[in-house]
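So this one's two forms of a single chain, laid out as structure tokens and tagged structure 1 and structure 2.
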Structure 1
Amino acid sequence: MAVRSNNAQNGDLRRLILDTARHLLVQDGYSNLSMRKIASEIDYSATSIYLYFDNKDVLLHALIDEGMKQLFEALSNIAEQHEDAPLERLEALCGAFISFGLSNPEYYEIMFQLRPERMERYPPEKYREARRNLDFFRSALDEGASQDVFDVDDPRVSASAIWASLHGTVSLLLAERVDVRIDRDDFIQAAIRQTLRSYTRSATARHP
């Protein structure tokens, strides 16, 4: 049983619960997570946890929400830096998405890889907030298409396809399924270039 941390002694029990639950979810899986197990890990009663979270689904939703907000901050900063350059913005957004996943593996797994068989539906208002992250990519594609930089039929569909490609890159790297002879940074840059190439008009096409 873990010793109570300084965070909990200082009154930040909610933070301690979230951090412990995040680690246990990734380590043991959703089906093996319980309020009692979290309580045992942090040396508190299960009743203390229920003061903050009604059940483990609410707790999981809170973790997804936290991760999505952190991703939003990262993407928002990138978008502001390339406000008038959709191609450079999209490239930087791709890099920021991959960097977030590699730097926050526990959050990333809970946000995009955890598949509980039985879990309460993610609240619609939370889903709408999370969708703002995808909108950064859609907006860059939309603006780039209007400037004849990108060739896209539906920016929202293309943005989702880009996410799928980036997700594959992050997942392979986190699972250490990339050939060890390949430099990680080279792999990331190649993945981003290939993704951009699928939607970028050639200079000749833009200036016939």
Structure 2
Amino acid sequence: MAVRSNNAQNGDLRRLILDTARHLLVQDGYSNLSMRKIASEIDYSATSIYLYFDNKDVLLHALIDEGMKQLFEALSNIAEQHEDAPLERLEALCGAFISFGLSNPEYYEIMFQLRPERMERYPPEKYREARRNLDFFRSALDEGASQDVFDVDDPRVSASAIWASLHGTVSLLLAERVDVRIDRDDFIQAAIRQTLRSYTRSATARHP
């Protein structure tokens, strides 16, 4: 209870739970994150958490949301650094996505790697927000296409395909599934170059 007085005055136990959950997630990983641990970390009973979150999934969704916002910030920063150079922007966005995943593996796991069967369906409003991150890629493709830098059929589909490629790259790296004899940065560069090369209209153009 002495401990408890550390807490911000009162009423925001919810906030405290969320902060602690984030902290434990990053420290111990998703698979070691439990309601009981979160509770004991802040000297409350496990059931207290249920006063503020319906269940573990809901708590998790709140964390996912934080992660999506962080990713949005990262991509947003990158995007405005290359405002009128779609190719460079797309390349930088790819790098930023991968780097976000590699620097925040625990967030990445809950954001993109949890199968839906183990999780309540992602609520639609949040889903929409999560998709904003994809829009950075779509816009870059769109603008690039109109400037004749890119050769794109359907930017929405292509953006998703790019995302898939980046997601695979991050996933394999996080799962340590890439051949150890392959240099990590070489692999990342190859993945990005592979992605870009598919859409860049070469100087000796494809369309006559």
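Numbers follow structure 1, counted from its first residue as 1. A quick note: this is a predicted structure, and the numbers were derived from the prediction, not measured. Under this definition, the rigid core comprises the largest set of C-alpha atoms superposing within 1.5 Å between the forms.
Here, the chain labelled structure 2 is taken from the form predicted in complex with the DNA. Once the rigid core is used as the reference frame, the Cα position of residue 20 differs between structures 1 and 2 by 2 Å or more. Comparing the forms between structures 1 and 2, the C-alpha position of residue 66 differs by less than 2 angstroms, with the core used for superposition.
Comparing the forms between structures 1 and 2 on their rigid core, the Cα displacement of residue 41 reaches 2 Å or more.
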